[in-house]
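Have a look below at one chain only, the form predicted on its own, in structure tokens format.
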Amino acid sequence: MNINATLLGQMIAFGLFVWFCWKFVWPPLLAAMEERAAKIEQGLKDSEDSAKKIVEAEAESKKMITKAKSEAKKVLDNAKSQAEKIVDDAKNKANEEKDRIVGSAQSEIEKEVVNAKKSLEKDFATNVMAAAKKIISKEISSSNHEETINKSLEDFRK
């Protein structure tokens, strides 16, 4: 065996192997690597877009929370003012009702006082007339007169 022929045969075999790999093996490998690189690149772009969207969503959610808090505060303030108004109206109505009831009670008391005075005057006049009749009907003496007056006063007190 000749070393030159072996070396030449190995070079030809290696050249055919390189050509075969270059022609049939290398293009699918390159295509698969390029496809994988494209997927990775797209994944990175998508993750960057997602990160931006997350930041935007956080900012939007903060705005919405702030807006909701301000609206809730407005609703709460409105409810407080309405509650105060209702309480004030109820107080005013209660005071008006109290004044009306007190006025009515005072006028009724005044009527009762007037009626009591009239009744007392009538009873007093009747008792005075009865005492005068008794005094006139008896003989006029100071002991009889005093006894009749005391008896009339006792009748009046009862």
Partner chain sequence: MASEKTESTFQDYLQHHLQNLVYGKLPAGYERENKDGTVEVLTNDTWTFAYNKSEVAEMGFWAFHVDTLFFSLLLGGIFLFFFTRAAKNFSLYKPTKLQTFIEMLVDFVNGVVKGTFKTGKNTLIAPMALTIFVWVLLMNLMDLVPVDLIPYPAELLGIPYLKVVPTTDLNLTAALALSVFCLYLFFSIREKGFIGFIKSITLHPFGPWMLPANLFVEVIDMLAKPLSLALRLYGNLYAGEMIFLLIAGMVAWQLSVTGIVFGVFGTMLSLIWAIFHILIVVLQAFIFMMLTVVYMNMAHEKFEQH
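Just so it is clear, the model here is predicted, and its values are computed rather than measured. Numbering follows the first chain given and starts at 1.
There is also a form predicted in complex with its partner chain; it is not shown, and the following applies to it.
- Exactly one of the stretches 107-115, 51-59, 85-93, 26-34 approaches its partner chain in the model of the complex with heavy atoms within 4.5 Å, and it is 26-34.
- Site residues Ala5, Gln10 and Phe17 are all in contact with its partner chain in the model of the complex, judged by any heavy atom within 4.5 Å.
- In summary, among the residues Arg100, Lys39, Lys67, Lys133, the only one with a non-hydrogen atom within 4.5 Å of its partner chain in the model of the complex is Lys39.
- In the model of the complex, its partner chain sits within 4.5 Å of a heavy atom belonging to Cys21.
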